[in-house]
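Below you'll find only one chain, the form predicted alone, shown as structure tokens.
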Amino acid sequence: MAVGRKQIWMMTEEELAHVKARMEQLLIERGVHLDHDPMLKDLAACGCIVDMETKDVKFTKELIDKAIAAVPAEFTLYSPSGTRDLKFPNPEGKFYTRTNTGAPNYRTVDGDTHYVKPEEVDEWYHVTNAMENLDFVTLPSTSGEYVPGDAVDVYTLEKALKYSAKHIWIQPYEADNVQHLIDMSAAAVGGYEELRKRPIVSMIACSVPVLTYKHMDAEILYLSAKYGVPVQPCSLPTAGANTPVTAQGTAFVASAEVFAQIVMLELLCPGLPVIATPLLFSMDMQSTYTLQSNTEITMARLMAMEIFERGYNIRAHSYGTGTDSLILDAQNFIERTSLTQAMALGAGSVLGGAGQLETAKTINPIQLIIDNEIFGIAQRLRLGFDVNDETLDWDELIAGIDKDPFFSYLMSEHTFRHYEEPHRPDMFNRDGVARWEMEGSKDLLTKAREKFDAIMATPDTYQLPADKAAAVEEKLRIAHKALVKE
């Protein structure tokens, strides 16, 4: 049915070449600021131009080319369960999807909003395991009211390793925590070499301010390279606040920041799996409120995806769903659906943000269930369709079988071959008013709530084996002793 990825391009060949040249020039002439002495020394040993006093690093064209050549063309992000391993590039031409990361708030199915509780982390993974169009997960930001504030990421990872059937994307919160997060992940698979061979986790590191990597993010890069943990190097710019106000300028800066991380990672650990992850925002100049879903920044995300996927054959990742609305209203669904469909037709290999509201500040299981449906539609859009004599029904048309006054295409052999192909979202209405009324006149939110209740009433589909769970718990105890100031 499908012939592969359908894509739209934001740039001409000349524009893409210009952006690539400028991005490389920026790394060569300006370079980056990196607050991490061991990493600075290792980069100097690789041939980078390093000033240990100012902590600035510059690259040469030869080093950039060497690093980009080392990026693996194919790799796999593994799942704890072994049932949802993610091969890159996607062999079916689809994109992969993930949940939202970093949101401090949880909105329950009953509408109560508060800081994320540990039991809601359990609930979240129970739901994500059941979502067929959701491929990997992030760590909800469990509140420091319920777990030690110095080790929120460590405590939340323990739950993810125990209960998520799908690959886990980790956003560390403190530099001292990074080693413990890797230790726990290794314990879940039986050791560091097993983690290198079968990485069930990947890391996120970011740059703030422009082309600057603070010690925590440099530590993420450094230890990920040391242990062979895949990285999804990230930039989180806000157009008009910490990057140029134009969408194009913000896409350029974000891509340069991500590109610099990729170059450093591949120099330190050639062949390390990486996924470029520019996650772009903009500032509304009338309200000074940070926005995720305005039209120009969506176009900028498409541009950033194109720089990596088309420009360097490096897999790329950005927001695929999201909203600046505070609630599950019409604005929410218009924004997230238009964003998802636009991104689905772009070049990205991963679309993120599932389940989030309020510019990624709040997560909600009902929204997650609906995003699962939206992603399913967008996947179908990405795949496109074949155009040939079979799909045109040429044989029946040229034969004139429809000239029979009693003929109906309901009885056509062509219909029998293809009638199951149209995508049919699980919770959408596809019948008339009579059946809808007979089944209770339910809207989409009601159906999503019913699906949530059914999922929660069913035993979870995955749990880490007891011996490995015990090993993870032991690493958590060690981390608690080292990190928590009591």
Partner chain sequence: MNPYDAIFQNTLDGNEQGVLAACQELLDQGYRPIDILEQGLIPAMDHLGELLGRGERFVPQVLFSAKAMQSAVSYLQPVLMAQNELPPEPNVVVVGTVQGDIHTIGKNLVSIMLQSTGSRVIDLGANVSAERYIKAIRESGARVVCLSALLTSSMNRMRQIVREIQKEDFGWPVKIILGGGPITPSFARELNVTFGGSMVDTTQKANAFSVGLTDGAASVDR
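Being a predicted model, the structure only gives us computed values, none of them experimental. Residue numbers count along the first chain shown, from 1.
Missing here is the form predicted in complex with the partner chain; even so, the following discussion is about that form.
Exactly one listed residue, out of P104, G82, G190, G228, brings a non-hydrogen atom to within 4.5 Å of the partner chain in the predicted complex: P104. For the options D404, D112, E145, D386, the one in contact with the partner chain in the predicted complex, meaning a heavy atom within 4.5 Å, is E145.
Shown alone here, E309 lies farther than 4.5 Å from the partner chain in the predicted complex, counting heavy atoms only. The partner chain is not shown here, and in the predicted complex it never comes within 4.5 Å of any heavy atom of T391. Proximity of I327 to the partner chain in the predicted complex falls outside the 4.5 Å heavy atom cutoff. Under a 4.5 angstroms non-hydrogen atom cutoff, the partner chain in the predicted complex lacks Y78 among its neighbouring residues.
The stretch in contact with the partner chain in the predicted complex, judged by heavy atoms within 4.5 Å, is 206-214, chosen from 160-168, 396-404, 206-214, 335-343. Residues of 132-156 that come within 4.5 Å of the partner chain in the predicted complex, judged by any heavy atom, are S141, E145, G149, D150 in sequence order.
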